[in-house]
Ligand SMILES: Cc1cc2nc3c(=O)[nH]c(=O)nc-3n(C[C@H](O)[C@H](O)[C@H](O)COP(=O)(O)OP(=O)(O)OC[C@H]3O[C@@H](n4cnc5c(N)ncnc54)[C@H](O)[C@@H]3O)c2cc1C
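Shown here is one chain on its own, the form predicted alone, set out as structure tokens.
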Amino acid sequence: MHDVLVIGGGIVGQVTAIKLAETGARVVIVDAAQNSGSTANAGSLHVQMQSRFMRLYPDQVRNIEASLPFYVAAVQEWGLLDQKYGSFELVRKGGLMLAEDEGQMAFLEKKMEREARHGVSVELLDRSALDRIAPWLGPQIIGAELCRDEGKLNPLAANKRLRAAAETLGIEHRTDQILRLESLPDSVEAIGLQGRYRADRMVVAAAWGAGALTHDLGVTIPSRAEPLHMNITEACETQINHLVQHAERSITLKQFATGQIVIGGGWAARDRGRYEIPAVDHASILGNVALAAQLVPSISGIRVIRTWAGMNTTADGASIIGPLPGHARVVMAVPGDAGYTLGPLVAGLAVDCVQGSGLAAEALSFSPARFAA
């Protein structure tokens, strides 16, 4: 029997397992290897409230806003991991949310005031200030919000290095689809298609699949899969240092060290069920890259060399961390919006719970107890 069973092998599961194994715990990760958001992620490190999320989920904005200090801390946590495990191509030169008219500038100004109250480093820039740091922007851009806390990384490099660290620590990896969980008096058990896995403690880091797993334990968690798509281009000469978003339109745009540009930001893919990778929607590809070319005209002639889809996770806008009500041996570890950004920080908080420290006072609102009947 293992000390800890981690369900889900994405960024949260990997970092949770690594942190536990570094203390001497015997850890096994069981992952279905299906539709992991971490393996489809585009590498944005978000901090400021995303306009897309605010439009689509207005009822969840309050939770996102309250979580802003954790986004700042999460990017700092990524910096520590980058130093410890090798380069993730991490760059923290800030993020720009662009505006094309005065209405959008007014939206950014109000949003910025809310963010600043929570310790986010933000500033409103006019076009002349933008020209000094982002001369590649299209002429229609009149200003932007600069969030100095934001950044970007290469998720392929990060995932590879963290997996290598886990293997060095002797963490077991099993591929299986977990069907249900059982909470026993002296242990916990997960039953999968390929076998049964028992441990003293369990961490559920299954993102959008977490709700289905906890349902039989009497707690309904509203985790949902949101199929989205991304594109990556060939290398280009334009030098884009910032994470780029828009005040009103769905997009993220960033450049890797290779010179390639990753374009995404919430354009829908076509859901084909939990056992199939989402299908890329042609209309989303065209709309996404056309918008990128409008915002950065110098990239309009480069080629998209790959497009892919993956699952994002939504719940209620806040992370879900801590012991499951009525099942102290089962610890939840599900990030809120921008799950890859929050992943390592959520993992650290979950490890504290596994080790008996519990949640820090400022994180108590993340407890899954809020979903208990």
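On a predicted model such as this, the values are computed, not experimentally measured, just so you know. Quick note: we count residues from 1 along the sequence shown, nothing fancier.
Omitted here: the form predicted together with the named molecule. The next part is about that form.
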item: In the predicted bound form, the residue from 40, 318, 28, 68 that sits within 4.5 Å of the named molecule by heavy atoms; value: 40
item: The single option of 230, 244, 74, 108 touching the named molecule in the predicted bound form, heavy atom within 4.5 Å; value: 230
item: Proximity to the named molecule in the predicted bound form (heavy atom, within 4.5 Å), stretch among 230-238, 111-119, 128-136, 163-171; value: 230-238
item: Residue 177 within 4.5 Å of the named molecule in the predicted bound form, heavy atoms; value: yes
item: Partner proximity in the predicted bound form: residue 4 to the named molecule, non-hydrogen atom cutoff 4.5 Å; value: no
item: Proximity of residue 63 to the named molecule in the predicted bound form, heavy atoms at 4.5 Å; value: no
item: Partner contact for residue 94 in the predicted bound form: the named molecule, 4.5 angstroms, heavy atom; value: no
item: Partner contacts in the predicted bound form for 6-37 (non-hydrogen atom within 4.5 angstroms of the named molecule); value: 7, 8, 9, 10, 11, 12, 13, 30, 31, 32, 33, 34, 35, 36, 37
